[in-house]
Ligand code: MEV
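One chain comes next, on its own, written out as structure tokens in the form predicted on its own.
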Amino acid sequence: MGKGIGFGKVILFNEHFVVYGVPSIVSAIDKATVAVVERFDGEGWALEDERPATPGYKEEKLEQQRESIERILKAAGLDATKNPIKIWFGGDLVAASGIGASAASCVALARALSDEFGLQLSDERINELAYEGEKAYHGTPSGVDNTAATYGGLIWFVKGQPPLFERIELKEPVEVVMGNTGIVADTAAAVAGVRERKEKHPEKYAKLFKEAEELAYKARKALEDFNLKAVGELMDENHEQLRAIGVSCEELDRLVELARDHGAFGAKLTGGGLGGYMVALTPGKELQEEVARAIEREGFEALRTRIGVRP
């Protein structure tokens, strides 16, 4: 029996912009998906997915998940017709849009396969396998989600061949609240929409992308200086940029406003947008609880977690 884990993630700055080479800042959170792989007397591979989930998420993503598993097996050089396996997913990371659920499951599966079959894969190779798996969900993923799911901590990420990623050292983990709209979002469709609008309005988008790039460098410095007020203000600004490229929605904007009204240092959508999650910066357990309860009173799910968590 082989086991593996993959962290959930929250993009703090520049989702969507990251697809075009603009730096992004992502953090693992203290929630993870666990995978268990064991050989059995069946045919091919069988799946048991017991992750907690947003209603409809697992059903809607099932075909993508099947393709993802096939891709990971192929990339690992494993043939399930010769080595039939049972795959089980669990853990405390909610399977939902915007929280890196697919990447966490890809990383967890790659690690469990490595463990069961004695492949002794490095983190770098685990990340490569997970990226292969992510293609089933995102078409051409940026690689930011699987990198956070593999390595943990707070990461500066720039898409490329190979991608550039550097650790940002945070003085200590910081509490955040992630509010779930309950909407299962289609990341590939959101990415395609941005591309289409960018081609239609090149000047407007060039300006927005330049501003997003400048903001990333300010955010990195604010995080390294542990200036959380400045980090929050930049999150607010980044949300407006994401709204301007058309990836927010009414529910996300409502949650962002609600979090700010209850004292969050800053708040923004996180992930693909058009549903999924928002994230609010809420240093300290007391502020985290106040913002989380405000979100729950409005009928939404709130996830209390921390950024900057490392294995």
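Don't overthink the numbering: it's just position in the shown sequence, from 1. Owing to the predicted nature of the structure, the values given are computational and were not obtained by experimental measurement.
Just so it is clear, the following notes concern the form predicted together with the named molecule, a form of the same protein that is not shown.
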Original post:
Are any of the heavy atoms in residue 18 no more than 4.5 Å from a heavy atom of the named molecule in the predicted bound form?
Top reply: yes
Original post:
Can you check whether residue 220 is within 4.5 Å of the named molecule in the predicted bound form, heavy atom basis?
Top reply: no
Original post:
Looking in the predicted bound form, any heavy atom of residue 191 within 4.5 Å of the named molecule?
Top reply: yes
Subject >> Partner proximity in the predicted bound form: residue 147 to the named molecule, non-hydrogen atom cutoff 4.5 Å >> reply: no
Original post:
Within 4.5 Å of the named molecule in the predicted bound form, heavy atoms considered, which of 238, 142, 181, 127?
Top reply: 142
Subject >> One stretch from 27-35, 44-52, 266-274, 61-69 that, in the predicted bound form, holds residues within 4.5 Å of the named molecule by heavy atom >> reply: 266-274
Original post:
Are there residues in 122-138 with a heavy atom within 4.5 Å of the named molecule in the predicted bound form, and which are they, in order?
Top reply: 138
